[in-house]
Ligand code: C5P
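Listed next as structure tokens is one chain, alone, in the form predicted on its own.
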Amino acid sequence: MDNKAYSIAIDGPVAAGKGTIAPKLARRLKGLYLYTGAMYRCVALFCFKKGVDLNNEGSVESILSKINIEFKEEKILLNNEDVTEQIKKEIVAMGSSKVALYKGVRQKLVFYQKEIAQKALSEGMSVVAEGRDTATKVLPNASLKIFLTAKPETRAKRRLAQIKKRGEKEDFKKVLDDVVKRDQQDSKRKIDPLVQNPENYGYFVLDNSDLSEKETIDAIVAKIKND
């Protein structure tokens, strides 16, 4: 790879591999991995810790001023506490999908995300941002917009493997049902829904159902070089 600073925005359905591919791609580009979804998970986690009702939009938005989120050496800090592993829990993932529906939450976090990305780019560092509105709000002029996807069954198997790796138990059918539920929830929400027909919006659509992590990253790097 050359020394050019690239801005890469990765979107796609749940468990398509975005969270696995994005940090490895960032390392390959010697750039910053901006995990936007982690911010929403941090909000949900903070609400759980403080007993804030995730279904109450006003209550969730009122605690935003008490939250500080930082990305340091691939770790996610919530008010100086390393919550990298805590935010991977399924209950936090589902909670983040709820708080992400709130306009005030999205506006606040997108503002922070844009600040982080622009600072890195201004310093000559590539940025790989992964999340729902990275290509439309955070990096609207991204060098490359990627829609990473895979079959629901493939995504459910990947999610189940992640759950088992954490020492938790879950049933495949339950995980598959959750994946389908998240797809429906993310596609139908009013604010920043999951993009339908992404190729019509300038995305490089990559179905990695039958690709390894390395093959997926190689395909993205090849696309960057050819554009």
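On a predicted model such as this, the values are computed, not experimentally measured, just so you know. All residue numbers refer to positions in the sequence shown, first residue = 1.
One more form of this protein should be noted, the form predicted in complex with this ligand, which is absent from this view; the next part is about it.
Peer 1: Checking a candidate spot here: are G31, K72 and Q118 all in contact with this ligand in the predicted bound form (at least one heavy atom each within 4.5 Å)?
Peer 2: Not a single listed residue reaches this ligand in the predicted bound form, so no.
Peer 1: Given the stretches 146-154, 118-126, 72-80, 98-106, which is the single one in contact with this ligand in the predicted bound form, using a heavy atom cutoff of 4.5 Å?
Peer 2: Looking at the partner contacts, the answer comes out as 98-106.
Peer 1: So which of K49, K174, R27, R189 gets a non-hydrogen atom within 4.5 Å of this ligand in the predicted bound form?
Peer 2: Filtering the options by heavy-atom distance leaves R189.
Peer 1: Quick one: is P198 in contact with this ligand in the predicted bound form, heavy atoms, 4.5 Å cut-off?
Peer 2: Looking in the predicted bound form, residue contacts with this ligand do not include P198, since no heavy atom lies within 4.5 Å.
Peer 1: So in the predicted bound form, does R182 come within 4.5 Å of this ligand, heavy atom to heavy atom?
Peer 2: Answer yes; at least one heavy atom of R182 falls within 4.5 Å of this ligand in the predicted bound form.
Peer 1: Could you list which residues of 39-60 come within 4.5 Å of this ligand in the predicted bound form, counting heavy atoms only?
Peer 2: If the 4.5 Å heavy-atom criterion is applied to this ligand in the predicted bound form, 39-60 yields Y40, R41.
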